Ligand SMILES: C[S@@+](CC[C@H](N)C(=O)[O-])C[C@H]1O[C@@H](n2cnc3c(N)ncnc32)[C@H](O)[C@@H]1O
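Quick heads-up: it's one chain on its own, the form predicted on its own, in structure tokens.
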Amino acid sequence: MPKEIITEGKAQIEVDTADIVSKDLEVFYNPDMVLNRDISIAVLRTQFDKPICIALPLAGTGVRGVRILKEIPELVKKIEMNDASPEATKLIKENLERNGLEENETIRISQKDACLFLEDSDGFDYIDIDPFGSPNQFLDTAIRKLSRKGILAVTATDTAALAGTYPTTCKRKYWSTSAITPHKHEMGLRILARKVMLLGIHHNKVLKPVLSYHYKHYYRIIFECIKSKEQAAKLLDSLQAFVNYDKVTADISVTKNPDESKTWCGPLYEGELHDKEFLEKLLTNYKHKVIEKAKEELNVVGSYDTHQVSQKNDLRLVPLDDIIRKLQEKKFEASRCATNLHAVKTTASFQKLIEVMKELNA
């Protein structure tokens, strides 16, 4: 496989070159994940003010680890980069050397199965699960090895299962049924969040989403860990929601049991996908539209796709910003949806939304 040297952030990395990025590459590097890594470094800057222990169980080329060491060395007490591939661990060491770094007591490289690597450790303040495909098999071990007030970052690239194309696979992997609807990506994030949070409860840990987003081909959720038996027990109530979509009108409803007359998905997490205070601080370290959209998004479950609502209710399509403004004038909360460019999130009922859209049609 031909190689090339690329620059990402402050790191210079040798990577495999290929027209199509796939798991068949000897060492996996995905240029579409640059934002993923940019945000993770900003999250570390935002969350921590002293050196911490960092784990990268699926390190690949080592690009994330090298960037952390070059860009925020003051936050590194210990960083451990692991990959099961001998080619990857060899390349990680070469990439460290290329950037004027070397393995030592602070920087450790290992070649193990990711779960075994975590199992053999003393635990970490930051664990990044960034696999090709589902994070499922790594979650339980990562959660057990996550410190109190630590950060768990989880990526899932099996969006087809989470977003409804393969609902049976979703049920098997994530203990929830997905469905293809206009809000499928938000539901995919909520299904993923629920699975992680359920595993956290098992270990008396509340894993609170502080940022959740869908970008290109993947989902990403950053969780803050709170160790509390009492809060873990209370969390269960927010993990039992079903979202029902009416294909005739494009109405949605959130219930504790699925409405079999509708297209439904769940159970899923119905709480907040973002911590607005955290995002405000995060934006001081790194500005990007993904974070800005998350910060502006109303914390309600589901959204109304205004294209679908207009089509199914014989209404002329009107600008989304006009709908939001009109809803706010009527004292309802409303915002754009971060996972659907055509959708509005609002505290207004479907009937009130229709009234507003009819007024704008007049």
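A residue's number is simply how far along the shown sequence it sits, counting from 1. Note that the structure is a prediction, hence the values are computed from the model and not measured.
The form predicted in complex with the named molecule is left out here; the points below concern that form.
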- Note on the structure: Per contact check vs the named molecule in the predicted complex (non-hydrogen atom within 4.5 angstroms), the hit among 277 to 285, 237 to 245, 193 to 201, 75 to 83 is 75 to 83
- Give a yes or no on whether every one of Pro57, Gly60 and Asp130 sits within 4.5 angstroms of the named molecule in the predicted complex by heavy atom. yes
- Item | Phe138: touches the named molecule in the predicted complex, heavy atom cutoff 4.5 angstroms | yes
- Is there a non-hydrogen atom of Leu211 within 4.5 angstroms of a non-hydrogen atom of the named molecule in the predicted complex? no
- Quick one: is Lys227 in contact with the named molecule in the predicted complex, heavy atoms, 4.5 Å cut-off? no
- Query: Hey, in the predicted complex, is Asp113 touching the named molecule, heavy atoms inside 4.5 Å?
  - Reply: yes
